[in-house]
Ligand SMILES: NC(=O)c1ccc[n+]([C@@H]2O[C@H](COP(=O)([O-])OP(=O)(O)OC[C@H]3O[C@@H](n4cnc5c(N)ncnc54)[C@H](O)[C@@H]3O)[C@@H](O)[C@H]2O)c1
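Taking the form predicted alone, here's one chain by itself in structure tokens.
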Amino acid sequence: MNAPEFSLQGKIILVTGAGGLIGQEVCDAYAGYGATVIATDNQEIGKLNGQIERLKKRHPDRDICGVSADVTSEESVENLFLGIKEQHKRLDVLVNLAAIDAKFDEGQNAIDLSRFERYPLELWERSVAVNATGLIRVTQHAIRLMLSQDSGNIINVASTYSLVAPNQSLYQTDSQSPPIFKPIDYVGTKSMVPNFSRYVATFYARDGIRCNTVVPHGIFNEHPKAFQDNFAKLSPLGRMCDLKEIRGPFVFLAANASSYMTGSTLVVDGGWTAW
């Protein structure tokens, strides 16, 4: 490899939310750069195993495994880490991708929650359990293991909505339909992530553990044309993010190339938050 500082050879990486759009791409990128990848998601193990088999076909010389786990369950997460300690003895990188989001992709049923004052609080509580409490739970378990090995690297995933409020006009794509809005649960829970990363980063910096945040935005996933057009008008780059453009930032933060970065927020949003 011409740039060894970007190699992930020998690194053991756990990715939560590995069955999602970003998760699948990140797992593929990590395997391509030489890592041992532990992909976990709360989806059925059969579906997850299908993803793992596809990854193994692409990277036949890599150690890739799938584990079904629920970040809202202490027992499930504890079993996940017991398995990691038993099989791999260590964990070099944790990527916290597991999250609930209201999707506006083609084929997804966009959540029409109308206005904020009518937002059902049970949906807020459901998202907090995954996006906030689940994030903390997994990170605690990872840090306990990383402390025992005097090193570790945590990558949390936020959103542009952790930096700015949603421009709700983005979601108004059809004048004939009732208006839809990006709901508060995703915005609120993702807003904690950059500062949570700073907390962890400064708390454990002298223990050899780093923690940074990636802020992705607008990754294309067969979105309706009206949504794409709205996005292009609001984005300085004038387009949505291609899925492969997210690989580099995740590889960089997982690799030794970013060894002097901790508590940082790496924004990958096409300039969305620049104006």
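For every residue, the number given is its place in the sequence shown, counted from 1. All of these numbers come straight from a predicted model, not from anything done at the bench.
Another form exists, predicted together with the named molecule; not displayed. Remarks below refer to it.
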Leu80, Val200, Ile155, Ala98: which sits within 4.5 Å of the named molecule in the predicted bound form by any heavy atom?
Ala98
Tell me, out of Val251, Leu266, Ile12, Ile22, which residue has a non-hydrogen atom within 4.5 angstroms of the named molecule in the predicted bound form.
Ile22
Kindly confirm or deny that Asp174, Leu234 and Gly270 each have some heavy atom within 4.5 angstroms of the named molecule in the predicted bound form.
no
Mind telling me which stretch in 90-98, 115-123, 164-172, 141-149 gets its heavy atoms within 4.5 Å of the named molecule in the predicted bound form?
90-98
Flag Gly218 as yes or no: does it have a non-hydrogen atom within 4.5 angstroms of any non-hydrogen atom of the named molecule in the predicted bound form?
yes
Closest heavy atom of Asp70 to the named molecule in the predicted bound form, within 4.5 Å or not?
yes
Consider Val130 of the chain shown here, and say whether it contacts the named molecule in the predicted bound form, taking contact as heavy atoms within 4.5 Å.
yes
Determine whether any heavy atom of Tyr186 comes within 4.5 Å of a heavy atom of the named molecule in the predicted bound form, and answer yes or no.
yes
Judged by heavy atom distances of 4.5 Å or less, which residues of 34-60 approach the named molecule in the predicted bound form?
Asp41, Asn42, Gln43
